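Next comes just one chain, in structure tokens: the form predicted alone.
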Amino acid sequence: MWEVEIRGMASAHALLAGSVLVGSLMPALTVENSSVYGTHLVWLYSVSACIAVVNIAVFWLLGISPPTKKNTLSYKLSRLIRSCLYFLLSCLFFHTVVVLYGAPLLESALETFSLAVLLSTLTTLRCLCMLGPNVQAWIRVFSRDGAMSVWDTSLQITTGCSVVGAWLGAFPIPLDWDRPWQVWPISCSLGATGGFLTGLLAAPIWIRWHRKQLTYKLK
């Protein structure tokens, strides 16, 4: 059972890593003189869109999402609306946090919000795909010993790596190096994406290595 779940998770993570590559290549094929530095927002939204599409498709096909109590159209529509609302609130939350950490309040507001969209795609969207619009389930997963499956553990790892990656990406910005990747928010978005990829790679390895110590109990 462990091997099947870990292999399934590793395959899903490989597809998600591939979506980052596809999202990075798409602007080069559609936008003239495209580059990560020169047309960074195009790259950022392309990567975010590819990750979002693959995330939703993978978790829907694998059936990781929690089963709905009702199958009526109105109930499914309500879940979809709540999920969209939570994603928007997540973008506003990350935008506020980034501003509190020193990002310009009015200047480069679009760039700051774009970074918030990327962070929400890497973190909140995965919560929505795996747990649904259930805040209590989110709190349970990110609490101590709250993971109930390998997917919960992978969610913890990828979310933490994405946020830490964005935070680490901010360190080179104030340095007087005059490099193109120091322009806000290039290094932060690259750091978040790099952290996300690191989490995708680290999660299956860490879970496999510690599988004897992991005991998931139904709560």
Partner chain sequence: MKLSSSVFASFCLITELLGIALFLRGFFPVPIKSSLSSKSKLSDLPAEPVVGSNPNSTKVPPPLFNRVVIVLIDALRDDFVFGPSGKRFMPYTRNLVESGSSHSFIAKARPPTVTMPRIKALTTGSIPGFIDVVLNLNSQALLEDNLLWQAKNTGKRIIFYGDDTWVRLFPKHFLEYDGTTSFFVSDYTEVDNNVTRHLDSTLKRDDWDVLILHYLGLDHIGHISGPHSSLIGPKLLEMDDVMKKIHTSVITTEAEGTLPNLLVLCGDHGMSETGSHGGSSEAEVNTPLVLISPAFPTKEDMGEPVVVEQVDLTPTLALALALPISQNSVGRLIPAVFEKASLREQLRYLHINGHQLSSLLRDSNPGFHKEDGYEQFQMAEKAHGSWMKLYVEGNTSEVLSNIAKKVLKQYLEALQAMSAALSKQLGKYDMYSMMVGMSLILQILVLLLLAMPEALSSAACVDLPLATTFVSLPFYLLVLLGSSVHVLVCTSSEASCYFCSLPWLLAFAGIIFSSALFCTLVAMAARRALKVDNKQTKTSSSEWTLTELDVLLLIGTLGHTLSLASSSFIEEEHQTWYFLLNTLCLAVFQDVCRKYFREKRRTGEDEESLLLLSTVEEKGASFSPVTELGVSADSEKWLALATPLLTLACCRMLRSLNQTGVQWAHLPDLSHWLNSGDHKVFLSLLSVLSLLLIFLLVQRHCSLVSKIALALGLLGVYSYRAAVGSVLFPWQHSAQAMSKGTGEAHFVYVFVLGILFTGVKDLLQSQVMSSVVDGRRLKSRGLWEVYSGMVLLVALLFRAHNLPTLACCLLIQTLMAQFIWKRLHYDAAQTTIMHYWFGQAFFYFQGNSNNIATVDISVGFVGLESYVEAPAVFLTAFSTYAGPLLWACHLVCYLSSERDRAVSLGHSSYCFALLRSIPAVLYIMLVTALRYHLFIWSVFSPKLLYEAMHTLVTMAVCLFFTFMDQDRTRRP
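Positions refer to the first chain, counted from 1. Worth saying up front: this structure is predicted, and the values here are computed from it rather than measured.
A second form of this protein, the form predicted in complex with the partner chain, is not displayed here; the remarks below concern that form.
Considering Leu125, Cys91, Val99, Leu131, which brings a non-hydrogen atom within 4.5 Å of the partner chain in the predicted complex? Going through each option in turn, the one that passes is Val99.
Work out which of Val31, Val183, Val53, Leu175 lies within 4.5 Å of the partner chain in the predicted complex, going by heavy atoms. Only one listed residue qualifies here, and that residue is Leu175.
Answer range among 175-183, 45-53, 190-198, 32-40 for contact with the partner chain, defined in the predicted complex as heavy atoms within 4.5 Å: Going by heavy atoms within 4.5 Å, the stretch is 175-183.
I'd like to know if Phe142 sits close to the partner chain in the predicted complex, meaning any non-hydrogen atom pair within 4.5 angstroms. Yes, Phe142 lies within 4.5 Å of the partner chain in the predicted complex.
Look up in the predicted complex whether Ala103 has a non-hydrogen atom within 4.5 angstroms of the partner chain, and give yes or no. Ala103 belongs to the contact set for the partner chain.
Partner contact for Ala170 in the predicted complex: the partner chain, 4.5 angstroms, heavy atom: Judged by the heavy-atom cut-off of 4.5 Å, Ala170 is in contact with the partner chain in the predicted complex.
Examine Gln136 and determine whether its closest non-hydrogen atom to the partner chain in the predicted complex is within 4.5 angstroms. Although the partner chain is absent here, Gln136 would touch it in the predicted complex, with heavy atoms inside 4.5 Å.
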